[in-house]
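We begin with a single chain expressed as structure tokens, specifically the form predicted alone.
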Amino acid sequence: MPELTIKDLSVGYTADSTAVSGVSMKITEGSVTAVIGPNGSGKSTFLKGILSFPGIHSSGLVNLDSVDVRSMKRTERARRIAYLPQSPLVPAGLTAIETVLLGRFPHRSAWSNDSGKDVEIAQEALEMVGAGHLSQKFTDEMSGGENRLVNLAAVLSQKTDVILLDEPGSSLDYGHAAQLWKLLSDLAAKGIIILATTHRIEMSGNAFDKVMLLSEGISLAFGEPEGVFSSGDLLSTVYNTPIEVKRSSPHGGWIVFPGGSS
């Protein structure tokens, strides 16, 4: 039963700088957590700090099932934690299925070819994100949204306990974005821990179990959407614009709109 524990995590791009300071959270299996905040608040840096990227300076505790993530060997970590950056680097000239198969690398022996099982998992991942029809299409012929779906499928094909997503809904139209959040909820129901940054505030209130609000690298709120979204005052301050947050019904979803609207 996976459990991700983060305590007093501080992250910077040099030894003398701090972009994220003192963030703590505990995320248990089967949950979807959103990290929200304005541009430059440290959302992407926070995810990189969890994985202790090369060139990243971090301090604090990051444990997965009581094991220090930074002490894991690269292959072991890739088998436990998958990560989708905002702008993945994918070699040119690959089809969608070949791109997704890159996600199976941690599960293969060195220099081994893709197995029939690998191909089956990759195709299944494409189907899960609604991109099965793109299987043989080259990535450099795809739209930004199609590439996003394919890269998400590659992450899913890793079959990890934890998935970190940096703006997974970017470049997606409304229909595919809604499908994405539903997919994340379905994955969480299977016991996977999902941690995703997003600018879609209304999505974070309706599609996630927990929400963390970052501002200038500091966690101002963390908990269930009910607590974080109970008033728009904090959001208005953080985003520097009037924001109102209301429920569509007593037990319905959250509606987020500019203050003064009706």
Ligand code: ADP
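Source: prediction; values computed, not measured. Residue numbers here begin at 1 and follow the sequence given.
Note that the form predicted in complex with the ligand isn't included here; everything after this is about it.
Think of it this way: in the predicted complex, the ligand has a heavy atom of just one of 58, 45, 31, 206 within 4.5 Å, and the residue is 45. Not displayed here, the ligand is kept clear of residue 223 by more than 4.5 Å at the level of heavy atoms in the predicted complex. Put simply, residue 227 is far from the ligand in the predicted complex: not one heavy atom of it is within 4.5 Å. Among residues of the shown chain, residue 19 is one whose heavy atoms approach the ligand to within 4.5 Å in the predicted complex.
Remark: residue 86 counts among the residues lining the ligand in the predicted complex, judged by a heavy atom distance of 4.5 Å or less.
Between 59-67, 36-44, 23-31, 233-241, the stretch whose residues reach within 4.5 angstroms of the ligand in the predicted complex through a non-hydrogen atom is 36-44.
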